[in-house]
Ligand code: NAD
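Below you'll find only one chain, the form predicted alone, shown as structure tokens.
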């Protein structure tokens, strides 16, 4: 591409700021906007990581534009100056991001490519329901395009191609954060998966209450059998049934070092009938900026190429890689 893709980042927490940092290392992108709940910041010349890294709120920046509806105002004013969008908003309640997408499509003139790093199956399912709307509005949307789902689920889908049949996919992640407040939204979403918690309870909790819960757990969040969209994404890609996918991990909210390595294991049967597995382990030196923001930019690149060929609607990250035979067999039986 002759010019850098102009990217708007929805969300100015740890993930949103991390994307600004990552974009600064990618000459084919330029961050032109960042938004939080109270304001947006737009600069056609590009925003640097240094300009936003210490901002507590976007409105604190000298050029921040306060608003009661900052996302809508941004796209109504600057839609023709934005090529692609990274959605890094907190998804509490589970309908929040799908509702934001619907608003952008129906109430603003934006036309382009959007990706998210959504994690919950129920949220991704709601995004998939927007396919016809986004097709009609000439928007290409790629969901589940972060680390997991995204990076790891697509690795699993590619590795699965060497098996005649996939019998299971297991994703185990380790995340280290120097202090939980750097990734408030991510930690809150993780709390939803703990016994005794749900989206409504977590949404109502203050930061002090989150802090107290973390204190009781020595800063460690251990997650088992999560509702994670890797399952629906791999099922839609024809790799395996969603119930054959398991996801869990450990998050240390007090130390930047990962408590365990992140690993994806694909179990299957070879052409010779032997039960086997592929295992991929991520280097512990890689962070959320590397493993969420980096792949998201890759999906934006691929998405923009498809968009330029007039491909619109909703795709999952796994739609952009080799598919499995499960869906094909189902289609053939209709």
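Residue numbers count along the first chain shown, from 1. No experiment lies behind these values; they were computed from the predicted model shown.
Although not depicted, the form predicted together with the ligand is the subject of the following passage.
With the partner omitted here, the residue from 179, 242, 201, 184 that has a non-hydrogen atom within 4.5 angstroms of the ligand in the predicted bound form is 184. Of the candidates 266, 292, 300, 41, 292 is the one whose heavy atoms come within 4.5 Å of the ligand in the predicted bound form; the others do not.
Heavy atoms of no residue among 101, 110 and 137 are located within 4.5 Å of the ligand in the predicted bound form. Though the partner is left out of this view, residue 14 does reach within 4.5 Å of the ligand in the predicted bound form, counting heavy atoms only. Mapping the unseen interface onto this chain, residue 247 falls outside it, with no heavy atom inside 4.5 Å of the ligand in the predicted bound form.
Shown alone here, residue 288 lies within 4.5 Å of the ligand in the predicted bound form, counting heavy atoms only. Using a 4.5 angstroms limit between non-hydrogen atoms, residue 91 touches the ligand in the predicted bound form.
Only one segment in the set 141-149, 257-265, 123-131, 154-162 has residues whose heavy atoms sit within 4.5 Å of the ligand in the predicted bound form; it is 141-149. Residues of 111-125 that come within 4.5 Å of the ligand in the predicted bound form, judged by any heavy atom, are 117, 118, 119 in sequence order.
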